[in-house]
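As structure tokens, one chain now follows by itself in the form predicted alone.
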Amino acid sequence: MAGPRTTAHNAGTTRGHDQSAATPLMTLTYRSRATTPLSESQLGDLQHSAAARNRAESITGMMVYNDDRFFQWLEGPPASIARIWSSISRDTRHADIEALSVHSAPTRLFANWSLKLTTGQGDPLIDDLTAAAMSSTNTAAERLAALVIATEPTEARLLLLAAHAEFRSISALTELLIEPAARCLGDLWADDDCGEYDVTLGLCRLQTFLREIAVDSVQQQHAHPLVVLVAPLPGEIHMLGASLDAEALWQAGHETRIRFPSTEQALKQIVATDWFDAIDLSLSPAFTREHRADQMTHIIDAVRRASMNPSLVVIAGGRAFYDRRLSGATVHADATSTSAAHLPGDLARAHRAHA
């Protein structure tokens, strides 16, 4: 096939269909090899029929067809995933079918698309993003981390813009590229390949580029929006995690207020003078900051005592909760979030538990 090609079937009524925590979601990724090369028209027919089937099953996702190989990401209700997988496994148009991951998911990454298809042959960005979903080594994120601390960060901006044009999802961009790039920046520092100033500069640039990309984002309608305070833990100088969380919660339809309190007293004053249903506190997305767990515990306890809401829900996030899998109980939070993409679902479950 000549050159990159991207098409998509809009999910329409599927958008937000399973966003509520009441409906469980499952994600399945797999790869396979086409038994015979597919022409442009055959690939179009395949997409059309698969998209119709997905819409009937409330399934959304993406497919990459490149060099006679398929990679597909499916998300939806577990029973629907099982039926789709049974059909896929019997399809004689491909062989060497290998399931790469099957796991529960709190939210959809491709909620707009019943089937997003790309044939980006030879496109290194698509190759990198596809590999990222199949491997613990995210070369696209590593490349972004290096570019974002370069003297001229134009290439980093272009990479992010291209990725967003491909996925058309801030959630996917966040989980598959921006957050991994932030962790890569921390790893560069740990390996003495850059200084802490470089990490902070890189995170600030990622935050700036995100705002450029998200400026035209559309907020979903939420039946019961929550008032959520989003803030980095006082003393935390890295703001990217809070910015990603605030964007995710706003897009999910919640009333989101982001603040950057410099002290514990300032944070307590905020919750003592305004009503919040929940607070999202974050540590650095680049460094684990495990040594701050005790301080976070103390601040969460103090915030609960100061809050106008005696049933305040507290969510904790940051790299420490991604890498070390610290539990919410460790810091006296109601829940933890390992990605901004998952935060709306994490919040819904924690709030329901308080109800």
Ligand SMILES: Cc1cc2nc3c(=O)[nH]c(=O)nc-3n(C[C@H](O)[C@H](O)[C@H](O)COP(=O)(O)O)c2cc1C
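Throughout, we count residues from 1 along the sequence that is shown. Definition used throughout: the rigid core is the maximal C-alpha set that superposes within 1.5 Å between two forms. Keep in mind that what you see is a predicted model, and the values were worked out from it rather than measured.
The discussion below concerns the form predicted together with this ligand, not included here.
- Only one of 101, 87, 273, 219 lies close to this ligand in the predicted bound form, with a heavy atom inside 4.5 Å, and it is 87.
- A heavy atom within 4.5 Å of this ligand in the predicted bound form is found for exactly one of 320, 312, 63, 303: 63.
- Residues within 4.5 angstroms of this ligand in the predicted bound form, judged by any non-hydrogen atom, belong to 66-74 and to none of the other stretches in 304-312, 286-294, 320-328, 66-74.
- Not displayed here, this ligand is kept clear of residue 96 by more than 4.5 Å at the level of heavy atoms in the predicted bound form.
- Although the partner is absent here, residue 29 lies well away from this ligand in the predicted bound form, with no heavy atom inside 4.5 Å.
- At a distance threshold of 4.5 angstroms between non-hydrogen atoms, residue 299 is out of contact with this ligand in the predicted bound form.
- Using a 4.5 Å cutoff between non-hydrogen atoms, residue 91 counts as a contact of this ligand in the predicted bound form.
- Applying a 4.5 Å heavy atom cutoff to this ligand in the predicted bound form picks out 30, 46, 50, 53, 54 from 25-60, in order along the sequence.
- With a cut-off of 2 Å and the rigid core superposed, residue 209 has a Cα displacement that falls short of the cut-off between the shown form and the other one.
- The Cα shift for residue 154 between the shown form and the other one, taken after rigid core superposition, is smaller than 2 angstroms.
- With the core held fixed between the shown form and the other one, residue 321 has its Cα displaced by under 2 Å.
- Distance between the C-alpha atoms of residue 348 and residue 60: longer by at least 3 Å in the predicted bound form than in the displayed form.
- In the predicted bound form, the Cα-Cα separation between residue 59 and residue 335 grows by 3 Å or more relative to the displayed conformation.
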